[in-house]
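Next up: a single chain in structure tokens, the form predicted on its own.
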């Protein structure tokens, strides 16, 4: 890091010989910090880009549980301007375990990141998340200066790091990053972050002429959330599946962001998240009691028996196992499944035609209801927690995998299910639509069962279709399983698509910077 890396402008003449430089800014990264699929996606994307020759690096917070062992402290502290206040922070460097040539930088501020949780306890958020992640976003530019390394692309993810786009456009373009571009990937637009009225962290929050109901970077909107400001100011917007990228621009389906997204339609892309098939492979999965693959599906029965014993459900060959792994939230369809007045799950359980096992945590109402069902019915097993080993066991041992989501930006569990021979039962939305083909009587191409509308009756009908498939016998069922096991949605393909997007945006002209410095805001 001692020699200065060339800026983009300096490297234009030698573009063919110099690697593309990309900084991923994130709040999660497997194996350091993970709440959901975001950490897996960033880890897979970084490794996939490195294999393509990209000079890719990752920036994230150093949370309480991330130890200093094996880390290198960057000698100079990084000075970040957050709003009108300067903050000094130490930064440590380590390597991505899945690809040791990828540097990972950790912003080390004990007052902001030495806490028990990433975002806050359960569904509550820390009140200073705007400052915490505003500092992380500002550190992307300060660290790049310290390293004398100028990214072609700053790649932010979800609302916590959406301020990266805003900072680049309104402050940093005229402060050394004139040729850099910003990409914002939105993994879940339902969470849009602070609205800028509590603490002025970023340039748009400080502008006295930007008020609710007026223009946001030239676009009329009443939504001034962190995510909305990122959408308005970034160079490219990515959703994590092509279908979801279209869905969120439809009236009433974009969580208040529809108008902004439609105004920026030309900048919107859909790139499906990929799976790391080294981690998710039933032929060598260390979490399974035995191995199997597409040509040895009989061996899968041992995993199925182990799963049922794990949950204390009677082992019976004559009925299938339906599994779920999900956050216990209305988004995931738990209202339609569990509501006491109209939920469809309990009437089906009473018939005792299948075993049901679920792993997850979330809203107290749904946790309590699942425990109640487990106490009432012997064919129900419930684990209220996150457990990596148990997740693999459910994928490998269940016969069907249920995902009745109201919306699903991408989803990964349905892809894991395909690889492990568990036939998915999924809603017709987002990434589920892009990865699962509905079974039909004649075409012989289906890989799962699609719920056409997300209501209790349609979910019940889809489960009945799964039970009917089970009754047709193992030869028919295994043919469906084998079709699914042949499908691939890899991190390598995902990385190639992002690489193409980076190359495209890096070659475009920068959007004109509206402000020269923070002095213009005061």
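Everything numeric here is computed off the predicted structure, so don't read it as measured data. Numbering follows the first chain given and starts at 1.
Omitted from view is the form predicted together with a small molecule, to which the following refers.
Shown without its partner, this chain lists 225, 413, 241, 150 as candidates; in the model of the complex, only 413 has a non-hydrogen atom within 4.5 angstroms of the small molecule.
A single residue from the set 306, 391, 267, 313 has any heavy atom within 4.5 angstroms of the small molecule in the model of the complex; that residue is 391. You can rule out all but one of 353-361, 81-89, 296-304, 133-141: in the model of the complex, only 353-361 has residues with a heavy atom within 4.5 Å of the small molecule. Interface residue remark: residue 99 is not counted as part of the site for the small molecule in the model of the complex, having no heavy atom within 4.5 Å. For the chain shown alone, residue 166 is not a contact residue for the small molecule in the model of the complex, no non-hydrogen atom being within 4.5 angstroms. Residue 387 belongs to the set of residues with a heavy atom inside 4.5 Å of the small molecule in the model of the complex. In the model of the complex, the small molecule lies farther than 4.5 Å from every heavy atom of residue 109.
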